[in-house]
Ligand SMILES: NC(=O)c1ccc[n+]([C@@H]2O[C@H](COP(=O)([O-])OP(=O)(O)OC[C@H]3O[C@@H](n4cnc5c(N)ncnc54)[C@H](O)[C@@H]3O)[C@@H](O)[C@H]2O)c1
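Form predicted alone, single chain, as structure tokens, below.
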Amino acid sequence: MNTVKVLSDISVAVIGLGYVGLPVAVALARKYPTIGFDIDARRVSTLRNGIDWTGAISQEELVASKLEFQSDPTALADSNFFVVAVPTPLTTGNRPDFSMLESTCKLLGAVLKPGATIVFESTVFPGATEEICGPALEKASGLKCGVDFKLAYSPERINPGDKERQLEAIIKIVSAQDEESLELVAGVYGAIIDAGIYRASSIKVAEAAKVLENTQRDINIALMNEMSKICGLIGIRMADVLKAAGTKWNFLQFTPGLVGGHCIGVDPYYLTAKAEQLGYHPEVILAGRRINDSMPAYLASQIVLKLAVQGMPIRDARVGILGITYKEGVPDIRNSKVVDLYEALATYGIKPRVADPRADVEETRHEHGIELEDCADWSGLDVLILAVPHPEYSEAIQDQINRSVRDGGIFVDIKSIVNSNALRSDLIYLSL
């Protein structure tokens, strides 16, 4: 039970009600008067009806929450503690895209009053909160940063789809412009975080910590992906190598795979952009990104090679892909590398069929031109790819294989979750 004293005279507004903002808003609403704001009126409407398409918050919890949902910016006028949790994606050239963050600062500037505190949770490069957000808020509000309003930064650590590591159970890093603001922010978050509060020495330190967390994971996965390629050339399974290496006490448990989503596949580019701005060209970080970004094309080439070796047709090969979201257990298709795999196969004249029980049919069609199907209807496939092991797939994969893959066909198990020894003897097995 969290026994931190709830601060008085705090009126919260959380801007952005996605995977990050909604859980924060719901948690804060248990302790403070809180508005959950999103510019998407349809999102606000569905949340008011107790429906969260991300699956982060249950209908029962939404209905019971005291959180006030708004899409009208004027409703924010009485708030004095703002939490900004809007996306910070990449441009087509893998450069930081601050457009949504800057738009949010303009929106807040119109309602900002002296004495307000603005906490940014969006992932940025070190320095962005004070160098980009602060001036943008000043321009929009006519107020003085550090005097009339205070900046703070508290990096989000929510892991979508993870039911064990909820918001309250993850240590919260906080940082601010000055000691007084730091204690205020620590106090507000301390009322909802059971795991504890870590006060970073500066905003830049907190920003750097966030991008480092995901960059470290990116590089470690890149090592696994490169080793997987080497194992393929040697003729051994990467899964067997990992099992053997994992017997050592200090071996880090990372596995190869497709690295997409809005964190690991994005944050390293924010860090390298700042480094290059300062005249330093990162080598290890960008090398890791190149390896991970290359994996969809590499995997497509391995599938085509298997088809050719087995004398199967390549052009118009019957291929089914299970899963299109960026990871298992979530409906989020942002920056999914399964889309890249789909497109890589298309360059060989293959038009895969795709199924995903969690992805939104309309969004997938609108964003990528891909029509989702019901995999229960698949049969006679030359290749079945388990790209995203949603529980719906992993729990019944043997039946799916037996029902949909033809004799002598290929089964691709990207994350090596299936016991290959238990598969039909006629199948060709491929994994990273």
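Nothing here was measured: the structure is a model prediction, and the numbers come from that model. From 1 onward, residues are counted along the sequence shown.
The discussion below concerns the form predicted together with this ligand, not included here.
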Handout entry: Answer range among 171-179, 195-203, 133-141, 97-105 for contact with this ligand, defined in the predicted bound form as heavy atoms within 4.5 Å
Key = 97-105
Exercise for the section: May I ask you to state whether C263 is within 4.5 Å of this ligand in the predicted bound form, using heavy atom distances? Expected result: yes
Exercise for the section: Classify S122 as contacting or not contacting this ligand in the predicted bound form by the rule of any non-hydrogen atom within 4.5 angstroms, answering yes or no. Expected result: yes
Handout entry: Non-hydrogen atom contact P352 with this ligand in the predicted bound form at 4.5 angstroms
Key = no
Practice task
Would you check, heavy atoms only and a 4.5 Å threshold, whether P87 touches this ligand in the predicted bound form?
Solution key: yes
Practice task
Could you tell me which one of D399, E371, D40, D407 places a heavy atom within 4.5 Å of this ligand in the predicted bound form?
Solution key: D40
Fill in the blank from the handout: Contact with this ligand in the predicted bound form, heavy atom within 4.5 Å, among R318, K274, K210, R358 goes to K210
Fill in the blank from the handout: Applying a 4.5 angstroms cut-off on non-hydrogen atoms, the residues of 320-342 near this ligand in the predicted bound form are R334
